[in-house]
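Take a look at this one chain, the form predicted alone, written out in structure tokens.
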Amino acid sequence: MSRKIIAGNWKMNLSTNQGIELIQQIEAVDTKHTIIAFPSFVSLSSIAKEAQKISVGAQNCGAFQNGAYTGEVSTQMIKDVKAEYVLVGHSERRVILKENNTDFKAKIQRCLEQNLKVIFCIGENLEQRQAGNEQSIVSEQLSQVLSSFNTSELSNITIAYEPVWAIGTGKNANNDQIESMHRFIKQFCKESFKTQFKVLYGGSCKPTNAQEIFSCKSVDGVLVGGASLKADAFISIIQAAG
């Protein structure tokens, strides 16, 4: 099986000590896959120091280089604590905090200036899916944000497809839906940007469905939420990747 990316987004959970304990347990797993942890900003420096085999990233970044932006964290600060990745465009940033494509483009620009790798999240909500607009929504999100970057810059970006309607709703995307959308994203990016992106699946991946998700040929990895907070669950997902 090809090398997968398995990323855990801890969101607003876990103290620093809890995060260190979790990292230590995951570090003990023998795997050739790329494992990434996304702790809170408060824990980022400590987790980055603890991690040896696991990569570490920030859940967000400021859209500005520096200055009078109270509460924001710059990509230079993220780089300084030895983080390698940044999540941009997560559905919770879009829906709850009302960030938009202009914000995401600026954030990605800041990340690339610091040679940070980006996981750019895209996806449609339930209303858009039921209306049959999922492909147009996803292609618009991709075009409005990525079209201004060159091929070299795009090589530092990974896409995470989040079907917002399948996150914490009790609804699940089936394998046909997952495979179809991942193939569409890859083909659209190949035609629009002349670039082959890795595409992760971010729709409530758990130990019970991980193996089925990994069986989809166009899935290059997963972005895990709640199941990344417990070592046994996250390790089960890693093992499901082969």
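Everything quoted here is computed from the prediction, not taken from an experiment. The numbering used is simple: start at 1 and walk along the sequence shown.
Note that the form predicted in complex with a small molecule isn't included here; everything after this is about it.
For the residues 166, 145, 138, 112, the 4.5 Å heavy atom test against the small molecule in the predicted bound form is passed only by 166.
From the list 125-133, 103-111, 84-92, 145-153, the contact stretch for the small molecule in the predicted bound form under a 4.5 Å heavy atom rule is 84-92. Taking non-hydrogen atoms only, residue 230 never approaches the small molecule to within 4.5 angstroms in the predicted bound form. Contact annotation for residue 205: at least one heavy atom lies within 4.5 Å of the small molecule in the predicted bound form. Looking at residue 224, you'd find a heavy atom of it within 4.5 angstroms of the small molecule in the predicted bound form.
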